[in-house]
Structure formats: C-alpha cells, structure tokens
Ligand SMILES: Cc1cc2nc3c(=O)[nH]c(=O)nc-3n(C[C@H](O)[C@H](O)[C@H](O)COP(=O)(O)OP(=O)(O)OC[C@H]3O[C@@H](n4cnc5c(N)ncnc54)[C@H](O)[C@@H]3O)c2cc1C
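One chain comes next, on its own, written as structure tokens: the form predicted on its own.
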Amino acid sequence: MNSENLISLKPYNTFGLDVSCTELHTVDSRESLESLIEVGIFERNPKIISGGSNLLLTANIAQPVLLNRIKGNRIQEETEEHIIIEFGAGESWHDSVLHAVANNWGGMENLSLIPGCMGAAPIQNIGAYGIELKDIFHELKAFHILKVNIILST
C-alpha cells in the first residue's frame, strides 16, 4: 500500500481535470485493502477510483481516496467448452480483452476499446456490438465495506 498527501488526481480521471485530494491510498492487493479496513478507512467515507472513465471531478476531495490497482489474471477453470479467468479489479478492461484475444480465449473480443477497469465492469454491465458483460460474466469476489468482511456474489 502506498499513501501520499495533497496529490493531483489528474492522471486518474479520463477528463484530465486537475483536482486534488488530501489523502490517496493505492490499493494493490487484498492485504493492502484489509490493512486500510483495520485502521478504519471506511468510517471516513472514502472515494474509490479505478480507471476514472465514469468520473467527473469538480472540486478537491477532503476525504480519503482509494486508488484500485489490484492486478492479476489467472485461469480458474478450463474445459473444451469454456474457460473461466479471474481478473484483478484494477486491471485495464481493454488490456484484459487484448490478453484474452492473444490467448485465443473467445467471448470478450467485441468489448475491446471500452475504457475503465475490470472492477467496474459488473456494475456498468458494459456492452458493445451485441455482447454485454452479463453474457460472459461468471462471478465476483468483493469486500462488503459495511460489514467489513468478504462476500462472494454470483
């Protein structure tokens, strides 16, 4: 986990607006998120930023900002008919599509060039050219920030 004070959020939003926050925490693993939970970060109503593509920052942010950079991808299951890949929530959506295409894993290719990160995709139910995420989505692992425990949702 990396923490910085009084930092510009310009590189973290696609509008490129130069808005600052007083506290930025880069979350790059489950453990770094758990450590922020332990110190009570969610009691301070943090703002969470990932790809910054559905975000319009209009004023400086006084509460903590969490920057989702949880990376990774791994095959969970592979059969002749399908493959299930687990992606980190901080992975670039487009880069993940390119990774799938490069490995000849069909299904995501119509969803290329969509900005943002993997973690926002289930909420947005992104879609293009007749395919929506709901057509290829299997499951989501998430932190329940109100109960501060891990839930599994499918």
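These figures come from a predicted structure and were not determined experimentally. Numbers for residues come from their place in the sequence shown, where the first is 1.
There is another form of the same protein, the form predicted in complex with this ligand; it is not shown, and what comes next is about it.
Visitor: To verify the annotation, which of these, 29, 54, 60, 63, has a non-hydrogen atom within 4.5 Å of this ligand in the model of the complex?
Guide: Comparing distances to this ligand in the model of the complex, the residue within 4.5 Å is 54.
Visitor: Is residue 124 near this ligand? Define near as a heavy atom within 4.5 Å, in the model of the complex.
Guide: Taking the distances in the model of the complex, the answer for residue 124 is yes, it comes within 4.5 Å of this ligand.
Visitor: Is it the case that residue 115, even though its partner is missing from this view, gets within 4.5 Å of this ligand in the model of the complex, heavy atoms only?
Guide: Yes.
Visitor: I'd like to check something about residue 49: if you look in the model of the complex, is any of its heavy atoms closer than or equal to 4.5 Å to a heavy atom of this ligand?
Guide: Residue 49 belongs to the contact set for this ligand.
Visitor: How about residue 128: is it within 4.5 Å of this ligand in the model of the complex, going by heavy atoms?
Guide: Because a heavy atom of residue 128 falls inside 4.5 Å of this ligand in the model of the complex, the answer is yes.
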